[in-house]
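The chain below stands alone and is given in structure tokens; this is the form predicted on its own.
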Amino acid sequence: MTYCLAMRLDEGLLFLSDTRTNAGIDHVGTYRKLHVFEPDDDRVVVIQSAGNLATTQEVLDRIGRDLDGSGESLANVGELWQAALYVGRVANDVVDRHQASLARSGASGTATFIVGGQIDDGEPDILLVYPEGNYIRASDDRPYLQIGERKYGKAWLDLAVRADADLDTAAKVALSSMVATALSNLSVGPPYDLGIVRRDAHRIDCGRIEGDSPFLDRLSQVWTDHLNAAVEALPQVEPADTTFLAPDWTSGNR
């Protein structure tokens, strides 16, 4: 399983990905899911991946190969949405090439991507590329995108993420969403890769938070303490708050 999150804010973009690919009793696998391309001084493109790992790896290899050629690549697309369509076409081609063998084994070779960054003087943006190759943007009301295990961390994002949030606050919100997801689903876990693209910088600042980081212990403890405090502060259900509901069956019905 996977959890990847991207935010589009007034100050720039934020990306956060876990690295867990397998979480069995006797084996935990990790793989980087936040991939950075800076092919020229006027652009930075970030790709987050979820889905079939073999498809993801071949897609990334082909994107890297195309950077050395004369055809379409992340080095020469003019808009970020064109980069998203390009990634979708590469992914579709990879899946189509292996479709027959995948069908024989009953496996799905599909993958989903978040493509974000800034090209030249265009607006920083994030786009979710579906397995079919098309895309959607984050909305102005909900300026974030998720792929993978989305449900556990979404409520916190709906409450806290606004486009005018500063990047430091956004990082705390993103990591809280990640920790909440990891607490609820063991197939999501550290290390966590965090990337920040500041508006018009055309570069990314990346860092990895390891599983034994004291910061994660502090964050988890604060998260737990505040959840427990919130439970204590919730109002009691009083008799006047409910409507009487008759039983389906009583002794008089015998």
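Keep in mind that what you see is a predicted model, and the values were worked out from it rather than measured. Heads up: residue numbers just count along the shown sequence, starting at 1.
What comes next is about the form predicted in complex with a further copy of the same chain, which does not appear here.
Student: Although a further copy of the same chain is absent from this view, report whether Glu38 comes within 4.5 Å of it in the predicted bound form, heavy atoms only.
Tutor: Heavy-atom contact with a further copy of the same chain at 4.5 Å: present for Glu38.
Student: With heavy atoms only and a cut-off of 4.5 Å, decide whether Ala103 touches a further copy of the same chain in the predicted bound form.
Tutor: No.
Student: When the contact criterion is heavy atoms within 4.5 Å, does Asp42 count as touching a further copy of the same chain in the predicted bound form?
Tutor: Contact with a further copy of the same chain, no.
Student: State yes or no: in the predicted bound form, is some non-hydrogen atom of Arg198 no more than 4.5 angstroms from a non-hydrogen atom of a further copy of the same chain?
Tutor: Arg198: no, not in contact with a further copy of the same chain in the predicted bound form.
Student: For the interface check, one of 129-137, 78-86, 105-113, 146-154 should have non-hydrogen atoms within 4.5 Å of a further copy of the same chain in the predicted bound form; which one?
Tutor: So the stretch in question is 146-154.
Student: Scan 68-106 and write down, in order along the chain, each residue with a heavy atom lying within 4.5 Å of a further copy of the same chain in the predicted bound form.
Tutor: Just Asp68.
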